[in-house]
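One chain is shown next in structure tokens, namely the form predicted on its own.
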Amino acid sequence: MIQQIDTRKVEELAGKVIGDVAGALSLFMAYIGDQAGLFDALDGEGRLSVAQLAQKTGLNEKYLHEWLGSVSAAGYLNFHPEDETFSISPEQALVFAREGQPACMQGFIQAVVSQYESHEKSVETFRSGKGRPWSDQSECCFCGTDRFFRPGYAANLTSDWIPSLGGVEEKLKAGAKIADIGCGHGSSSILMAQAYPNSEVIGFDFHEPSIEEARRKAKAAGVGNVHFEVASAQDYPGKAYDFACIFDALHDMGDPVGAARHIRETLKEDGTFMLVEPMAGDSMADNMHPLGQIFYAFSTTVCTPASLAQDVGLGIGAQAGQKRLTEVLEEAGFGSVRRASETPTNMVLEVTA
């Protein structure tokens, strides 16, 4: 059967692809600019010519000319044709230059670049149907993930998420025992240790290089009430925790039910488990938007392969949604799951016995 081709639809889709290609290259240019310190060099300097920026940074004028053309065409910087200078607005600086600000997107961009860095392994994994361990991702992925999530945790964790839980903040202020499971580079653990100096925070992760980095960061931050151990979510040591938390990691686990069950068994009877997961609806139809597109993509190359590489390999994915997560938690023996808070990118679930 010969199908009629609607040329208008072809043109529209091709136009979208061109926009996507432009966006992909713009992210790569933004990453280069970040690593070379160019956005920082422009921040607060007003208008600079190519020559002035080259003198300020010591970089090749010819490279700078091409790079500035690309990022300015993307709207990441401003080009002033009347005197052929370039500038960064305060809003652009927040997104591209100011590390630690919630609006800064460089960590997200770095995580995207990491996937292209290891694209051959991603294709091989996808075609094989097998898992790919978290440890097999590039170092750029670990750093980018931490760098992206850290500002959101800093902006919300102790000011909104923990206060939204019933009675937890009071316990942590008085002095409690906290388990941060799947802590990665330790940003969330360190934030809680700083905010609640009377509490003891223990960060666990099965990826030893991440734990080593977390220890370095804790030492640099000068916090003494946090320490880190290499352990999986299913068998981390200790009992009688007042508070346990997982940030954007349960869906990466091969056995999330087993992990949640171990958390329940190691919590005090009146303890609370806070689960922070990517924002998602309960069906794929609910997630047909740019954020869903991004999370499904990372789930294809990072989250689901990590789960499939572990025992059980449940692979619930980064867009599991609250309904599916609740099923996992109830199977683990928890009796109550409540949406306590949310941001545009995350849902925060209060989980109790």
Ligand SMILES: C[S@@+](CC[C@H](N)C(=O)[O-])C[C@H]1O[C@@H](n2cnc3c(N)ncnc32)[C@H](O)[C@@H]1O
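A residue's number is simply how far along the shown sequence it sits, counting from 1. Note that this is a predicted model, so its numbers are computed, not measured.
A second form of this protein, the form predicted in complex with the named molecule, is not displayed here; the remarks below concern that form.
Colleague: Residues A280, Y296 and G317 are flagged as a possible site; in the model of the complex, is every one of them within 4.5 Å of the named molecule by some non-hydrogen atom?
Modeller: Judged in the model of the complex, none of A280, Y296 and G317 sits within 4.5 Å of the named molecule.
Colleague: Of these, 120-128, 206-214, 81-89, 191-199, which stretch puts a heavy atom within 4.5 angstroms of the named molecule in the model of the complex?
Modeller: Single hit among the candidates: 206-214.
Colleague: Is there a non-hydrogen atom of A231 within 4.5 angstroms of a non-hydrogen atom of the named molecule in the model of the complex?
Modeller: Contact with the named molecule, yes.
Colleague: Even though the named molecule is not shown here, does A260 get within 4.5 Å of it in the model of the complex, heavy atoms only?
Modeller: Judged by the heavy-atom cut-off of 4.5 Å, A260 is well away from the named molecule in the model of the complex.
Colleague: Contact with the named molecule in the model of the complex for D242, defined as at least one heavy atom pair within 4.5 Å: yes or no?
Modeller: No, D242 stays farther than 4.5 Å from the named molecule in the model of the complex.
Colleague: Using heavy atoms and a 4.5 Å limit, would one call F96 a contact residue for the named molecule in the model of the complex?
Modeller: No, F96 is distant from the partner.
Colleague: Exactly one residue in G182, G152, G271, G107 has a non-hydrogen atom within 4.5 Å of the named molecule in the model of the complex; which is it?
Modeller: Spelling it out, the residue with a heavy atom inside the cut-off is G182.
Colleague: So which bits of 243-271 sit within 4.5 Å of the named molecule in the model of the complex, heavy atoms only?
Modeller: Sequence-ordered list: F247, D248, A249, D252, M253.
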